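Listed next as structure tokens is one chain, alone, in the form predicted on its own.
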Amino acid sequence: MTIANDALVLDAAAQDLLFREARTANTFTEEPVSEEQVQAIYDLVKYAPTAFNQQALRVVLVRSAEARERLVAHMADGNKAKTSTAPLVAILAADNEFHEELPAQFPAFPQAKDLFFSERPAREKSAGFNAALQAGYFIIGVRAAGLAAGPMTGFDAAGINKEFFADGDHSVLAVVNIGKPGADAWYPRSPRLAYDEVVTTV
């Protein structure tokens, strides 16, 4: 049963869609996910907050059977079947050369490109964190489209990086199955920590 929270501007149905009733799907129907749906998702989630407005997230949509086979080969055994059958799979990665776009993306402080990100280790750390923020928004965007997301980190990261990002400039963060949830799509809801276990006031 939905319990409306009057402290939130978002209506109860939207709260359920994006949060309370949203789950990680493990099975999907055969209904396809269109390019238009993915475009709409991206056009919503591109507004995720990041440091210096850096936009390090890169998304590879795995649509062809050949690419799907290459990806599944690098998934953990427990993730192979669902990745094989999901209507759409997205590889989410961090672009470690994101700084090249900073002068255009953060015109208020174009010097940030060279001042903070001239060294590769600093770029990798920043790209990983900020692209992960964007990835979280991407999952919410999938839910906003009325679809279910099945994000996974059970895979051979080095293998996926070599297979799909041969330039060496990208680091895979997650693989996300996307589609309408199928039969027995959900595991039982796992518990969450209570407010008082997480939040302190100083």
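Just so you know, these numbers come straight off a predicted model, no measurement behind them. Quick note: we count residues from 1 along the sequence shown, nothing fancier.
The form predicted in complex with a small molecule is left out here; the points below concern that form.
S.K.: State yes or no: in the model of the complex, is some non-hydrogen atom of residue 154 no more than 4.5 angstroms from a non-hydrogen atom of the small molecule?
M.R.: Output for residue 154 is yes: heavy atoms within 4.5 Å of the small molecule.
S.K.: Is the gap between residue 15 and the small molecule in the model of the complex 4.5 Å or less for some heavy atom pair?
M.R.: Answer no; every heavy atom of residue 15 is more than 4.5 Å from the small molecule in the model of the complex.
S.K.: Taking heavy atoms only, is residue 63 within 4.5 angstroms of the small molecule in the model of the complex?
M.R.: Contact with the small molecule, no.
S.K.: Using a 4.5 angstroms cut-off on non-hydrogen atoms, would residue 180 count as touching the small molecule in the model of the complex?
M.R.: Heavy-atom contact with the small molecule at 4.5 Å: absent for residue 180.
S.K.: Since the partner isn't included here, can you check whether the small molecule sits close to all of 82, 189 and 192 in the model of the complex (heavy atom within 4.5 Å for each)?
M.R.: Affirmative, all three are within 4.5 Å.
S.K.: What stretch, of 146-154, 163-171, 54-62, 29-37, brings heavy atoms to within 4.5 Å of the small molecule in the model of the complex?
M.R.: Heavy atoms within 4.5 Å of the small molecule in the model of the complex occur in 146-154.
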